[in-house]
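Here we start with a single chain on its own, the form predicted on its own, put down as structure tokens.
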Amino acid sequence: MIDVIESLAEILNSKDVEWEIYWESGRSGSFRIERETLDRSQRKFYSGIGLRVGLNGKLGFSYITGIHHSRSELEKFVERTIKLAKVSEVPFRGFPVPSKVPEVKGIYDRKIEEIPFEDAHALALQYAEKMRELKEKETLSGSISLAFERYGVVNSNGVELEASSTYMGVSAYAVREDTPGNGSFYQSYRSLQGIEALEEAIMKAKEDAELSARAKRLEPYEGEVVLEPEAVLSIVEVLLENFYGDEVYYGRSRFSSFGDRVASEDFTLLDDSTLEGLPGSYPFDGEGTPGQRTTLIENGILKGFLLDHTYASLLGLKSTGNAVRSFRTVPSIGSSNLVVEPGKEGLEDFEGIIIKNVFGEHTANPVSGDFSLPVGLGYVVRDGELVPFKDNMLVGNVFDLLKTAEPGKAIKRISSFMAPRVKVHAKIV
């Protein structure tokens, strides 16, 4: 435990309260490329301490920036948080107790922690140069971001945890101006990537822009459609809030009890924060609860919710380790890595209507499940020939759609989401 946290814990232990300290210290570098030219370079440092205090059934919270403070500053911080607890209307449901934390491999790369800013800047210049080299009829833009963080949770029940993680994000955008069309690609990693990953990002964006430039509107259609993993992600995001414990507790979720059929028997959805090397992985959550694999839907049957300590307690369940936060915020419920399990059917050679991506999922109603999502890019495959389309709408109800879901075999990763192609019965207008 770092010295300032030890001092803060000592002060808190002299008070008749329950307490929890969450601290962070990190830095990031981000680089934006516009029209094949490095347009902006930015470096940020941040650190701080969040403190929650439980007193007489109420919860107080406050935070301070930085992790170097005198004892008198820490004493004032404690007194302020206790005063907030005394006037708080937020119910206190206790803090987690110590539990065995899993070893999650591949979430830290020393190369990212130690890379000099000048070297990261040189990588961004190399990315811009690669764009100029690969540029044809499109304009290319994109970004790189690198981050390192050390964080920890300590509480009055004996939880004392600390971890380090690293992150790299890469994006690319291609815009055709001769014949309007665009494409994009985004991926994130836990380890430092070289020029090969950057070139792949550019080529993926260019491929979609080329298809988009040739795409025309499709005649209205209802029937069998295959969703690429990008489109499956949008559908799952429409559904996701229904698994959050707070939404369940306040009756805002479509789901209420386990065992209900909510999808086809071929559809299984997991949340797993213990997967090696994935962007959503962690050994413990923002309250110190161990990360775990949580089955949300198994063979179409509702099996689990995403829970933090508070709402698990209110629902009479056990936390799934899905409390997300920064030192500036109290914990809230979120997902880690979401996985749609592969099915038995090979859809790689599917011929028919395929939707690559849709957008606007935030406009859908997660409780009713009704959605109307613009199609960014799709294609019709007949006799091996691919005819792209766009500007249609994928409309329907997410719960009805999932009851027809038939996942394919081959899994694809998009940041912290993994899924195969999924065949569904859908309507396109």
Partner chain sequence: MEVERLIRSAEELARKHGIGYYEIRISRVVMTEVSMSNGQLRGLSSNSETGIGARAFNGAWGFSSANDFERFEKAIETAMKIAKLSRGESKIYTGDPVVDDAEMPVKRPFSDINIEEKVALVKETDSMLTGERIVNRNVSYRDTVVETFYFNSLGSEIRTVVPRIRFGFSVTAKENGEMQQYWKSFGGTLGWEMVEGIDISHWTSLVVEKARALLKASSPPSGEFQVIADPELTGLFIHEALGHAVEADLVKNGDSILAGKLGQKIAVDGLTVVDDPTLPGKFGSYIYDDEGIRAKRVEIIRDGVLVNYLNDRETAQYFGLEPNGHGRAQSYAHQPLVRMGNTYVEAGDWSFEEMLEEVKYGLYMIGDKGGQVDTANGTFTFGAREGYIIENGELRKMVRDVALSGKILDVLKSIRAIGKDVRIEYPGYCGKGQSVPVDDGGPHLLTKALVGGLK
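Treat the numbers as computed from the prediction; the structure is a model and nothing was measured. Numbering follows the first chain given and starts at 1.
Same protein, other form: the form predicted together with the partner chain, not shown, and the subject of what follows.
Heavy atoms within 4.5 Å of the partner chain in the predicted complex are found in one stretch of 225 to 233, 199 to 207, 105 to 113, 245 to 253, which is 245 to 253. Under a 4.5 angstroms non-hydrogen atom cutoff, the partner chain in the predicted complex has residue 427 among its neighbouring residues.
Within this chain, residue 386 is remote from the site of the partner chain in the predicted complex, having no heavy atom within 4.5 Å. Contact check for residue 327: a non-hydrogen atom falls within 4.5 Å of the partner chain in the predicted complex.
Contact between residue 337 and the partner chain in the predicted complex is not found at the 4.5 Å heavy atom cutoff. In summary, among the residues 277, 98, 346, 180, the only one with a non-hydrogen atom within 4.5 Å of the partner chain in the predicted complex is 180. Only one of 78, 147, 314, 240 comes within 4.5 Å of the partner chain in the predicted complex through a heavy atom, and that residue is 314. Contact annotation for 33 to 48: residues with any non-hydrogen atom within 4.5 angstroms of the partner chain in the predicted complex are 34, 35, 38, 39, 40, 41, 42, 43, 44, 45, 46, 47, listed in sequence order.
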